[in-house]
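Below are two forms of the same protein chain, given as structure tokens: structure 1, then structure 2.
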Structure 1
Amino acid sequence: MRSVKTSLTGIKPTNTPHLGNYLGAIRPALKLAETYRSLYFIADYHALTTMRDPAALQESIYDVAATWLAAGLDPNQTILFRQSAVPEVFELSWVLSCLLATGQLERGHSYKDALAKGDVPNAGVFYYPVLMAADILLYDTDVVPVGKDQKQHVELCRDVAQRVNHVFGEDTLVVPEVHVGDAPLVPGIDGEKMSKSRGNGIPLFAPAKKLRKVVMSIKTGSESLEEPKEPEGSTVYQLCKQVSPEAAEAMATELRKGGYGWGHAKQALFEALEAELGPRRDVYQAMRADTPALDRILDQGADRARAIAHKTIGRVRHAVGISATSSADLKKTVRLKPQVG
């Protein structure tokens, strides 16, 4: 019986993390890290499904690492590492892929979205959820804090873990739970889902002047200053509700009264963001500038992550019948069940 439960999540280094990443994953993950064993990693191999510029990928890896640290991750407590530093993840992903029906991957929303847009997705986009499941299962994860857009991937991970356990023995893999808040996906400045690829993000640690400019560009209604306004449904209010519920409540009261314009609401959102993130801006800049320190933290994290991964992969090899152990030992230790389906 494991006494401490594990929380794990990953961020793809495809750009500098934005407010959606922070509210959807980073902030809840740091809260969980207070009580769970925590492993938070940079999903660099996942980024290869889209990234084609090695220098930009390297820079984004450091951006993500510095973001976690500036947001409050304590590297002595939380294991922060690069996905690529633990190649056992590919070994596990192969085992998982042998237990997944291709139809499950065909239903993956990223793959389906790519097809719907008329793109010809690479095989990495198709296989993406398998690697993500391996990321989670390799570290005996109990809980995965992610934004709503990743829920389907964690559900697929649960399915395949249950199937592995059914076929090879109930104690082979830990079946994780997804941890998503009630809040909807964080909207971007255009009101659509905030996303790195859409370019509608609110930066976390940009200079205050730049941040204010981005906040002031959020799309709003065109009512006059005097008119009372309905906050629900407006992007600026949605964002504020997720950053600071208290500030959002005050904003809603003012908007409904009238004599308070969307410009005032945006200023209130900017101030709420400054209160949450402003004090960490200098920490981000200092961490981001010190790449040797980031490498040290990531390498130390990788050593700790590898130790956990070795145990899991050993257990999996044993369970499936691929192991250096003699067949006599295997018979004693592994409960082989007939394969179904």
Structure 2
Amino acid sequence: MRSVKTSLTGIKPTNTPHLGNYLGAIRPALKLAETYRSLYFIADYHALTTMRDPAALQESIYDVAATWLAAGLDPNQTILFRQSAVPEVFELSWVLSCLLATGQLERGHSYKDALAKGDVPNAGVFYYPVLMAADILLYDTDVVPVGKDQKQHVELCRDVAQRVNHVFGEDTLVVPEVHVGDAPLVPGIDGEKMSKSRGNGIPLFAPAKKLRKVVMSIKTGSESLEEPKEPEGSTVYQLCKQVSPEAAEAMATELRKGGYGWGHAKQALFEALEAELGPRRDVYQAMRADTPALDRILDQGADRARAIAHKTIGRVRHAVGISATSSADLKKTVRLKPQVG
């Protein structure tokens, strides 16, 4: 049994990360990295289910990499890489697909949601859970931190891993555990859940002037300056409580006393955000401007990830009866660097 367990997180590179991503996913995931050997991959192949602009995809990949590094990810301790840099994931996907019933994929919530909306989903949307399972199983992952919306996909991953082990041998694949975090819902400027599709997000590393403008647009009550106000239930207070509990406590006291308007509360939230994100913004901008440095970090992470993947594929090939790839063959393999558009 391995003494250090592994956690894996995938980040889809679509649009610029917002505050909800930071509070709901990035901060909790980095906390988990203190306990587990952690791998973070940028899911560029998953993004192809919706993205059709190659240049925009490349920019998003760099945005995501710079965001996680600025948020505190240490590439010397944590493996950060592009999904596409480890082609073994497709070989494992095929093996897994041969042990999955199509009905399991037809019940996938993303596929069903697309049909319910009247869309004609592409085959990538249908196959998405298989590739996600391969992403997880390829790296001997013990724990997968996910939101509730992704729990079904990880349960399918567990199911197919158990099936592989039952058919081909109990030690073929590591069966992961689902870690559904307790990260709170992060409200957007309209009070609804912050999301890219709603357009209600607060940009994570926007310049201070733009950040303040967005914060000041948050919907609040219409009470007069003098009236006491109840902070609970207000978007500005909920956000402040997640960013800085100390600042939120002071805000709540002032709101309940009266003589303190929602404009004051928004300014307090802006100051709390600037204290949290301002120094990280500087790191982000420096990293984002140095794409060769980002490429080096991602390439080094891919080398480490691929070493793990190669061992897993070796076990799987041996188990299913296909000749294992030799280490000499691996050395001959040329990994092409993605072209910047």
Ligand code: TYM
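Keep in mind that this is a model prediction, so the values were computed, not measured. The term rigid core refers to the maximal set of C-alpha atoms that superpose within 1.5 Å between the two forms. Quick note, the numbers are simply positions in structure 1, starting from 1.
Asks: So which is the form predicted alone here, 1 or 2?
Replies: Here the form predicted alone corresponds to structure 2.
Asks: Aligning on the rigid core, do we see the C-alpha of G10 shift 2 angstroms or more between structures 1 and 2?
Replies: Not so; G10 is displaced by less than 2 Å.
Asks: Hey, does L100 budge by 2 Å or more at the Cα between structures 1 and 2 once the core is superposed?
Replies: It does not, since the L100 C-alpha is displaced less than 2 Å between structures 1 and 2 after the core fit.
Asks: Is there a C-alpha shift of 2 Å or more at A252 between structures 1 and 2 once the rigid core is superposed?
Replies: Yes, the C-alpha moves 2 Å or more.
Asks: After superposing on the rigid core, how much does the Cα of L23 shift between structures 1 and 2, in Å?
Replies: Here L23 registers a C-alpha shift of 3.2 Å.
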